[in-house]
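To begin, one chain is listed below as structure tokens, in the form predicted on its own.
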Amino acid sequence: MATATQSTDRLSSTNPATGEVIGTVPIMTAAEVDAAVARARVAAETWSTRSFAARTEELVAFRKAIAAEATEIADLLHRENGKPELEALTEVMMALGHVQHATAIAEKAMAPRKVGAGILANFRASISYHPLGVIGVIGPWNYPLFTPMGSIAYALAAGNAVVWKPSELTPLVALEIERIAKRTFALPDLLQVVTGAGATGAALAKAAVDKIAFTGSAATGKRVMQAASERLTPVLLELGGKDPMIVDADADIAKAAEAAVYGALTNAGQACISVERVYVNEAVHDQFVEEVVRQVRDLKVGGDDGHLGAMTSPAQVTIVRDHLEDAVAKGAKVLTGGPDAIAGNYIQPTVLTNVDHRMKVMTEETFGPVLPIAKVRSVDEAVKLANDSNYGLGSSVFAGKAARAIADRLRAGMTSVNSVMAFAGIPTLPFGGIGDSGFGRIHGEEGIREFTRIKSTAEQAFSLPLNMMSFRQPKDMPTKLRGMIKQLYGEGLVSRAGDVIRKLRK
């Protein structure tokens, strides 16, 4: 029998391709969320004191257990999220890559390091990194395993416990990972899942966690940040994107077109780092468009072996339809797909030309299988348009010798040169954006340190006759300080603080 603090309400998880209910989960109350956080706190106190070797042993067991059930987990991803089987298996593999990488680099990333002590040369100065405690992770529905694992794996490897709130559209995958965690970790509350809709996520953001890692829309991210502010809980926000691609005149057009098609349409365009707009030099525009259209027409939509699956969220279908209708009304040309090629949760891959920044499809996050291509006169125009956005997550550049220079001009957290999305598949690279795409970084050594507190330590190595940190000073101290200022920072600059210390000893 449920207590007053427990909810008997259930949430259904539905296969977006068929409409079939494939499972139900409890809608957890704020009290249940708080209880999970309290249990995680106890687990964190033990986990944080374990050696890196001991934590590694358990994390390796966790990874191997997930890998052993990769086929079953991918099948659940396929049914719950709607993505094709191949993409589901790829997601499992990428998630496992992050568990492996986070485990391998944690000790190095958190190793104490010495730094210079400046004028206080009689001190040893060092920086150390320590687990925060309990991390709240709020995951998305588009990559319900890979994306949250980019926070979960690094948080665990850094010595924290995790409470994970998955999207209400894809809770079953999270529960499967929790089941494996409880079986492989000695501490059963080290990784817990709390299920529910927006209210459950808000409860986690307001709970007594030490950091919130959120992935989702900019609008929801702002609400999470506001809720977390009640306790001054720090947040890591991985939000939306409107990722641009630039194709210059000297690019390999066939490869650029292949990358654009994949970058825009993989996971049915439901990726925060999807290619959402392409700027192509007018000299190669028509050739590029022709190649893109040819490749798109070879794609299969639907079925276990399809290239594109069903859209996970019916609400997202509505947004995509709105963007397409807005673009057509403002003069965009539909080369494939279009607003009339939407049936239920399936959207045919759509290529648009004659697009500009008056259209939603070029300025707002579409998050669907749409590839708008704009013609530009120069690289300068392309860069200007690419940077004309409040978002700043990923980007890509296809060009010859100037590719890297063009990439450096883009206002984005990440750029792939002569590729798309590669930065997400390289676990050593920090992942994150700027502007409306959020802040903070997951993945890589920065991803480990994101879930630590930084401590600075100053240790006196030896005493000086003249103690700067005392009220007991000689009467001529002001004169000595004036001399030190000139020598350290003025015209009489000395190369080493030791020279000043020797003068102080006189």
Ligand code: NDP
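The first residue of the shown sequence is 1; numbering continues from there. Values in this document were obtained by computation on a predicted structure and should not be read as measured data.
Omitted here: the form predicted together with the ligand. The next part is about that form.
Residues with any non-hydrogen atom within 4.5 angstroms of the ligand in the model of the complex fall in just one of 234-242, 284-292, 254-262, 369-377: 234-242. Distance criterion of 4.5 Å from any heavy atom to the ligand in the model of the complex singles out G139 from the list G139, G150, G82, G136. Exactly one listed residue, out of M359, M414, V163, C272, brings a non-hydrogen atom to within 4.5 Å of the ligand in the model of the complex: C272.
Within 4.5 Å of any heavy atom of the ligand in the model of the complex lies no heavy atom of T71.
At a distance threshold of 4.5 angstroms between non-hydrogen atoms, G198 is in contact with the ligand in the model of the complex.
Within 4.5 Å of some heavy atom of the ligand in the model of the complex lies at least one heavy atom of I319. At the 4.5 Å threshold, heavy atoms of G216 reach the ligand in the model of the complex. If you check the ligand in the model of the complex, you find a heavy atom from every one of A202, T220 and E365 within 4.5 Å.
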